[in-house]
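Here we start with a single chain on its own, the form predicted alone, put down as structure tokens.
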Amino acid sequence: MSETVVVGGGAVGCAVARALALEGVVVHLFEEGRPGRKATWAGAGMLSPLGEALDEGPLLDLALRSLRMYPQFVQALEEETGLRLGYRASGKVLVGFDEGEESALRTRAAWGRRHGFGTEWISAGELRTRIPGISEKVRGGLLIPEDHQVENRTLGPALWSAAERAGATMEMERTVSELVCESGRVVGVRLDDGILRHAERVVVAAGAWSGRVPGVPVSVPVRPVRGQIVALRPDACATPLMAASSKVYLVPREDGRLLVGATMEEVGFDERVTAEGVLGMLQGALELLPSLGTAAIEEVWAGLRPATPDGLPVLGPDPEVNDLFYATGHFRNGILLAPVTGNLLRDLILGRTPSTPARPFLPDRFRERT
């Protein structure tokens, strides 16, 4: 039976492997490090379609489709693996500190209501009843009930295990050193030990490193954007809701930690945590919630998000090399988009008409611009 190779063992790569394996496809996944230990591990686990996509369009549509899949997706993964993924429909509030921010957030609230979402503007007084201790300087906030969260550091291993249980062969600490192509089509991958693994199809799902896999055509312009995060341990529950200002977001975890993030830095493949980055996040957090001044700093880390020139993920077949597919470029939404990406790639690879429109995300859009 023909084999599909998946390059990359983050949430997206594992979701693709699982979706294909559940259809009986022979899948072999290679991950150069530990499963889910790059961008999947480094994120905050926010499932935030309305918080991320500022306008109507294909990204918001894709994100909302994926969010609607999440309850069943999580239930299936928990049943398949026995792991608890910490999925919570906790909601988020975006706060405004000045007249301009308030006006913009009120406009977004009205837009959300017109489109059937539960967005609403809440006054400063009501906001303080929901988040005691929030800054006296806030003018109010945009409540987004549709923004949820998941424990991303558990999701990565759960997806790896679920793909394996579905029948995929999963190999960690195996580096793909080259895509092997003949006569305009991919025929497999060469590993770091020189072994050639033949495959009828290859899916590149290596996140920010997707464009650096030797042999990948230049038609996929994915670049890294660093994000740093701080984990605090407040004396008590700081906020029951996810909260965000224009400078920072706060994500409360069930274990009592509060995640503070995240920077957006164009620094190439530099994964270091920096004093400047941490300082900026802490200043933003204290501006939003002054009581965090006594919180202990538990952990700091950084990860690289895979960004694209137009802000949309790259999903589907390469325009130049037959049987080469991509599932990358998800930027800050890889966790959110993992379920819909797995299904979309499955359908495209199996020759089905996807239930999710693929046209806006196909790699050939970059070739059309040149």
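Because the structure is predicted, anything quoted here is derived from the model rather than measured. So that there is no doubt, residue numbering starts at 1 and follows the sequence shown.
The form predicted in complex with a small molecule exists for this protein as well; it is not shown, and the discussion that follows is about that form.
Notebook entry, point to check: Okay, which stretch from 201 to 209, 292 to 300, 76 to 84, 118 to 126 lines the small molecule in the predicted bound form, with non-hydrogen atoms inside 4.5 Å?
Noted result: Correct option: 201 to 209.
Checklist line | 4.5 Å heavy atom contact with the small molecule in the predicted bound form for all of A11, M46 and Y249 | finding: So, yes: the whole triplet contacts the small molecule.
Note to self: Given that the small molecule is not shown alongside this chain, does G227 nevertheless sit within 4.5 Å of it in the predicted bound form, heavy atom to heavy atom?
What the structure shows: G227: yes, in contact with the small molecule in the predicted bound form.
Notebook entry, point to check: Can you check whether S66 is within 4.5 Å of the small molecule in the predicted bound form, heavy atom basis?
Noted result: Contact with the small molecule, no.
Note to self: Can you tell me whether T175 touches the small molecule? I mean in the predicted bound form, with a 4.5 angstroms heavy atom cut-off.
What the structure shows: T175: yes, in contact with the small molecule in the predicted bound form.
Check: Can you check whether A39 is within 4.5 Å of the small molecule in the predicted bound form, heavy atom basis?
Finding: Residue-level check for A39: yes, a contact with the small molecule.
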